[in-house]
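Next comes just one chain, in structure tokens: the form predicted alone.
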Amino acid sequence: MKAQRAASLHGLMLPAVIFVVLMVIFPFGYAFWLSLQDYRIGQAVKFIGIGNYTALIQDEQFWNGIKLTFILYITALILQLILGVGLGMLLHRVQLMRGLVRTVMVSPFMLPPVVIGMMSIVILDPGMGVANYLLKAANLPTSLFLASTDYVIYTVVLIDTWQWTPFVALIVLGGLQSLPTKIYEAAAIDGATGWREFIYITLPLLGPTILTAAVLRSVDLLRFFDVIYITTQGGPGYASSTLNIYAYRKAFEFTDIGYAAALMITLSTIVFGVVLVFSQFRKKVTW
């Protein structure tokens, strides 16, 4: 009987195992194999071992890509978590036309990246965009936004924050709705209201929820590609060329597939490491 049950369970698990092998393990393994080759389109493939990884260490644009990736990741994650918690609290308290308000507020992250990118190009155009028009109307200095080497990465951060803060807010809203009400009733009896209630009760209880949102956003932010490529293609120059963008350019502009694979294996390792760290934190704050 036990043997039959075990065989049945193995049979049920088989499709999932096949899916993981085909969609995760095989592509990652193939990319790692490519990273060990001197593979350029139109030329013979040559095994060079860790040669591509050694070249990474000496590549200034690789280190620039690492720096820009983490500037984008850390800045956007902090902004989205702070604003997401605030927006989630607001959506939790709103009473008037609650369904409509929530639908409108969370709609940005449902828009396709192409729409977000094209909207951003039009709004942030230095000459004809509405952003500089509003800055002029308020007697504030205008900006080149996506054409500025100094501010382009922070402009991309703001675009992504506008799009994905509602996603964080939706996760926080779900967490707020699952919190036990008895704790708040006891806190009210003890006189804990307002900011004290938020700091000492709500925020600690939301710890696992916020960390879940942080993990999900970390994966997306570290491999962020679509909106950057649509709006700047990594420019001006290499000012917004994150590791993901740099790998794409190496593969499809310079046809250096082996080097691009080494870049992506490095990025995958970073993503895995960050997710692992957040997972350990989440275990410690689970209530």
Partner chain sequence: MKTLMRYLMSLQVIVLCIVLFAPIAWMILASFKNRTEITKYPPELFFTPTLENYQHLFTRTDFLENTLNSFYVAGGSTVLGLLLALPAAYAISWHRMTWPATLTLFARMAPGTLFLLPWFIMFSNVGLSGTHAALIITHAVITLPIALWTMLPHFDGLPRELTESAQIDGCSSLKILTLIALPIVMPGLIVAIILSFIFSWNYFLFALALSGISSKTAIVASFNFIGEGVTNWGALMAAATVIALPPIILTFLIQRKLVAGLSFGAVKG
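None of these values were measured; they are calculated from a predicted model. Positions refer to the first chain, counted from 1.
Beyond what is shown, the protein has a form predicted in complex with its partner chain; the following relates to that form.
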{"query": "All of Val94, Pro166 and Asp220 with a heavy atom within 4.5 Å of its partner chain in the model of the complex", "finding": "yes"}
{"query": "4.5 angstroms heavy atom contact with its partner chain in the model of the complex for Phe109", "finding": "yes"}
{"query": "4.5 angstroms heavy atom contact with its partner chain in the model of the complex for Arg196", "finding": "no"}
{"query": "4.5 Å heavy atom contact, Ile201 to its partner chain in the model of the complex", "finding": "no"}
{"query": "Any non-hydrogen atom of Thr69 within 4.5 angstroms of its partner chain in the model of the complex", "finding": "no"}
{"query": "Of Val157, Leu77, Leu146, Ile171, the one that lies within 4.5 Å of its partner chain in the model of the complex (heavy atoms)", "finding": "Ile171"}
{"query": "Position in contact with its partner chain when the complex is considered in the model of the complex, options Ile183, Val115, Ile82, Leu140, heavy atoms within 4.5 Å", "finding": "Val115"}
{"query": "Among 234-242, 255-263, 42-50, 55-63, the region lying within 4.5 Å of its partner chain in the model of the complex by heavy atom distance", "finding": "255-263"}
{"query": "Stretch 208-231 - residues with a heavy atom within 4.5 Å of its partner chain in the model of the complex", "finding": "Thr212, Leu216, Val219, Asp220, Arg223, Phe225, Asp226, Tyr229, Ile230"}
